[in-house]
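Presented as C-alpha cells, the chain that follows is alone, the form predicted on its own.
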C-alpha cells in the first residue's frame, strides 16, 4: 500500500497545519518526518554558524514536543540527518511512498531546496507544497505577489478591506500514522544529531525576559498565559515598546518563527478575546503586527535574492562598508552608546531582544557606524531565537534605509533611551558595573 510523507520543515506543530490536513485527505498511511539538514549549521559571511545555540536548543525542544504529540496519537516521528533531497528520495524507496506533502516558505535557500527535491524525487512520487505560515493566503490577496504594494500602509488598507482570514484548522482527532518498526528511537537519533551538538549545554540567563522553551505545547501555553490568564492583551499597544519583563509584549515570535503556533491561531484567539472581554486599539494592534509579518513574508517571495543585496529591494547606492572592527564593537556591546550596548548584551546572553531594541541597534550599525547592514542581519541570523528569514532581513533593510520605508530616517538612540528607559532600569540590568 502506498504511503504519504509529511515533512515537517519549520512547522513543528499539529494544530492549524494545512499540510497535515492535506496529507490526511489523501487517505494513505502517513509517515511523519523531520530532517536535520547540515546546511542549517553552515557558516555565514561572518564565519558564524547560521543557527546558534539559542535557536538550536529551541528547535530541539520543538522537535521533541512534536514527536511526543505524534506518539500520543499512536504514530512515530522519523528523524533523519542529511540533505532533504537525498533523505526524502531514500524514504520514498524505503517505504513505498507515492506522495510528499510539506509546507512551502519564502527565501532563496528554501526555494532552492524545494527545486532540488522536485528534480531528485522519483517521478512516481507526487509533491504538494502547501501554504501555512502566514495569516493570509496568497490566493486570497486582492493582487498578485508581483504587484505587492511598495510600502506597508497601502497593503494593510487593501487586505483589511478585501480579505477575510481563513479560520484555523484544528488537528484531526485521529491520524492514520504509519506504524514503524525500528531498533532505534527518535530520541536516540535526535540526541546524536548535529542539532543537539549545536545546542550544547548552557544555563539560561536569569535576566532573560522569559524562559523560552520550544514546542507547540509551550507556544499554546504562552498564548493562554498572555491573552487569557494574565489578561495582558487589552493594554498591548501601551506596553509593547517595553524592555524588561515577560509581559510588556506578547513574546509570541519564537513560536511563530519556528512554526510551533500559527498566526491564524493567534488571530482566532484575539477575535475570541474581543468577543468575550474587550475589543480596543490594543487588540487590533496585535493583528496589525501579524499583518506586518505577512507583508515581509510576501515581500520575500516577490523580491527573492534582492532582499540580500547591499542596496536592498530599492537597489539603492549605499555608503556602507564591511568594517570588521566597528562591527565587532557593535556585536560585543562595546560601542560606547549605552542603549545600543545594553540591547546587544541582552541578545548575546539570551538570544532575544525587544522590537524597540532591534530597530535602534540596526539603525545605529548601518547609519551611525556606516557598517554594511547585512553584517548585522547575518549576526541576528546566528543569535536570534526567533530568527525568520523574511522578517529579519526585511526589518534590517527597513531600518537601514534600503527596504520598504521610502524615508531616510535614523534613530536618535540617546533620545530613544530617554523615551523608553528614562529611569535607566534596562541599561543597569545589562550594563552592570557601567556608569552612564
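Residue numbers count along the first chain shown, from 1. Since the structure is predicted, the reported quantities are computational estimates derived from the model, not experimental observations.
From this point on, the text means the form predicted together with a small molecule, which you will not see here.
Taking the partner from elsewhere, every residue among 236, 296 and 384 has a non-hydrogen atom within 4.5 angstroms of the small molecule in the predicted complex.
Note on contacts: among 185, 355, 138, 120, the single residue with a heavy atom within 4.5 Å of the small molecule in the predicted complex is 355. Though the small molecule is absent from this view, in the predicted complex it lies within 4.5 Å of a heavy atom of just one residue from 28, 401, 368, 395, which is 395. Residue contact check for residue 335: none of its heavy atoms lie within 4.5 Å of the small molecule in the predicted complex.
Using a 4.5 angstroms threshold between heavy atoms, residue 289 counts as touching the small molecule in the predicted complex. At a distance threshold of 4.5 angstroms between non-hydrogen atoms, residue 250 is in contact with the small molecule in the predicted complex. Among residues of the shown chain, residue 359 is one whose heavy atoms approach the small molecule to within 4.5 Å in the predicted complex. Residues with any non-hydrogen atom within 4.5 angstroms of the small molecule in the predicted complex fall in just one of 300-308, 242-250, 160-168, 272-280: 242-250.
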